[in-house]
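Below you will find one chain, with nothing else, as structure tokens; this is the form predicted alone, and questions on how it binds or moves follow later.
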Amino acid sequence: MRLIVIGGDAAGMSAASQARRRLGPGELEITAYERGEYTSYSACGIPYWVGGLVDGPDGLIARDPAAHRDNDIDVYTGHEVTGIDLKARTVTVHDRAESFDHLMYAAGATPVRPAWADTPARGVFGVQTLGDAAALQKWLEPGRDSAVVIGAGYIGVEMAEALQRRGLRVTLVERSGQPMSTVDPDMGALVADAIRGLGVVLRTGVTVQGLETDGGRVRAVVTDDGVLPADVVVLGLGVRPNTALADAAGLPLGVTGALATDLRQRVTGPDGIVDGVWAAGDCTQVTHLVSGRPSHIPLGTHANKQGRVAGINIGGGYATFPGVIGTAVTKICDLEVARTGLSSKEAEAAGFRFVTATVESTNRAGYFPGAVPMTVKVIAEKDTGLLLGAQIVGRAEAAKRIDAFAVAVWNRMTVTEMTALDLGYAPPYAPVWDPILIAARKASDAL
């Protein structure tokens, strides 16, 4: 049998590695094609490389092509698959046809790039791949003084901080009324204060209309609220599932525009399972276990898990990927931001009746050195008390507290049940009433 993998990052190479663990080279031939230069790397680490906190690109690579080849996986970088023929069971790469018995589609996602960003002018960058980051690093030579980051989601906020650390004057532009729209507006306001505290100019409610260029390079960003000088422009507008190749081949897409799969990561559509075709990672849609709706949530954690599940099944084992609950964390300087489950907006869109509770607490006992404030917000279903979601904004030791909420959401706990959780306590680590327990108790009272 032959497995062809499209995409050499988290999902694709996790699938290849798991399949190889179960079937030797004499049982399964594995060939992976990656259009970029690198395999198995951490795109999440790019802002920290740009900001000078970590070394790159080698420091961000978990396993290079040589390591995969040592594992009897043939990896070809700089090779883009340009066609899939499901009937002939072949892919086209470098104008030749390669046959497959199993096809692993792990093409990832592509950055959202508006029409005004399609310019030959230098100085406009996405930050999707290590190649993108390397090009940005090369551009950031002495004399680049001003930067405009467009989009204040996770990557935009992180890139704004990274460029500010590099000594540039940074303006962060966001079309909506708050940064990080994945959290509720009251929590987003705390994030906005932290961004401005860095010295970054935050402009919300502003729409970008175009770019000004001169001499073949970008000079400014044109918005509906003025012109912003820029020696470098970074796009942080999110991503779309990279499914053009799949769509052209006739593979069915889900309602999100991403590939739909079953629990075992087999591509599915109205006519059922597509034989021998698997998909995982940012090009697939997932089930949100709280709302029950199909969602597109591109995160490396999901990609690795989905790839592992697909590889186990390709190798003759059995594994499933049940879905996600939207857990995510990030930081802005020393401010930590975390969320899990549904936001208020998402809960309303899903049709829930709910209550919210927000508490102010500290990460440690108030009298202990290093105690700093933390804001915790809980969203619970009215009547049942089911925990629908939680958000945390604070400093030291704030973000990872979201994991307790994530476990509770995953296991469908009520906020009343959470008030009795036996959480660890010592003054250096938490108040006697942990912020998690205080928030759960307040939500329970609100019911």
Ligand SMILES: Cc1cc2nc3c(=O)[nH]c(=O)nc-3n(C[C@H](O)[C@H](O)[C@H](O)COP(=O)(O)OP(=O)(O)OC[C@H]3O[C@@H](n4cnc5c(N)ncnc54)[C@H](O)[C@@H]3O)c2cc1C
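Remember, it's a predicted structure, so these values are computed and weren't measured experimentally. Start at 1 and count along the sequence shown; that's the residue number.
The form predicted in complex with the named molecule exists for this protein as well; it is not shown, and the discussion that follows is about that form.
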Task: The single option of 128, 343, 361, 313 touching the named molecule in the model of the complex, heavy atom within 4.5 Å - done: 128
Open item on the list: Going by heavy atom distances of 4.5 angstroms or less, which of 333, 121, 86, 299 would be at the interface with the named molecule in the model of the complex?
Closed with: 299
- [ ] Decide whether residue 46 counts as a contact residue for the named molecule in the model of the complex under a heavy atom distance cut-off of 4.5 Å.
- [x] yes
Open item on the list: Within 4.5 Å, heavy atoms only: does residue 81 come near the named molecule in the model of the complex?
Closed with: yes
- [ ] State yes or no: in the model of the complex, is some non-hydrogen atom of residue 10 no more than 4.5 angstroms from a non-hydrogen atom of the named molecule?
- [x] yes
Task: Partner proximity in the model of the complex: residue 254 to the named molecule, non-hydrogen atom cutoff 4.5 Å - done: no
Task: Answer range among 95-103, 181-189, 260-268, 148-156 for contact with the named molecule, defined in the model of the complex as heavy atoms within 4.5 Å - done: 148-156
- [ ] Any residue of 227-252 with a heavy atom within 4.5 Å of the named molecule in the model of the complex counts; write them all down in order.
- [x] 242, 245
